[in-house]
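Next up is one chain by itself, shown in structure tokens, the form predicted on its own.
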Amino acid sequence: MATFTKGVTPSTEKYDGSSLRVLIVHTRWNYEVVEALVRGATETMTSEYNVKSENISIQSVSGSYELPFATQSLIGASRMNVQSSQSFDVVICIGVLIKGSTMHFEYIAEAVSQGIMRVSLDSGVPIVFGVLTCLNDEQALERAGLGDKESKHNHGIDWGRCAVEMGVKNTRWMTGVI
């Protein structure tokens, strides 16, 4: 069986995230896993891409189902806030859904996926989909860089990289630079 590197391959282009304003909206459900993912994203953005920690706004909601509404509200509030010099350039939505014995998992996963995409397209703000949809606790821990498996990897790192890339690219695109 062939092996490959997990996670997103870093771009060959170097991105400077020092001017980006980033919003992270995360859940408090499955918090141990979520906390590791948020930490992976923020540490990656600040250490690899010079995103200023004071330009990262972190908000929490109870569960994944609440992510789209909260994100839409926070994007809108940042655009209306006269004390804010600019609105958010990019958002990362972070949550963890773990399949149980009922259909609840499928309904929530579908609604959250569609909701986050709709907010991104409607607002014109890139939103990184950082919601793990796992079949069990072990998978969730592994994808947050926790647990005992050697193959563990913190996907928050990938989401941080993606956020900077999309924030920078969208800023360019909005000024007509392709």
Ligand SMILES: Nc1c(NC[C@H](O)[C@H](O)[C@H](O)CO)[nH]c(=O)[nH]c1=O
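Quick caveat: nothing in here was measured; it's all calculated off a predicted structure. Each residue number is its position in the shown sequence, starting from 1.
A second form of this protein, the form predicted together with the ligand, is not displayed here; the remarks below concern that form.
Screening 26-34, 50-58, 141-149, 122-130 for residues having heavy atoms within 4.5 Å of the ligand in the predicted complex returns a single hit, 26-34. Interface membership of residue 62, defined by any non-hydrogen atom within 4.5 Å of the ligand in the predicted complex, is confirmed.
Contact check for residue 75: no non-hydrogen atom falls within 4.5 Å of the ligand in the predicted complex. The closest heavy atom approach of residue 43 to the ligand in the predicted complex falls outside 4.5 Å. Interface membership of residue 93, defined by any non-hydrogen atom within 4.5 Å of the ligand in the predicted complex, is ruled out. Residues of 121-160 are not found to place any heavy atom within 4.5 Å of the ligand in the predicted complex.
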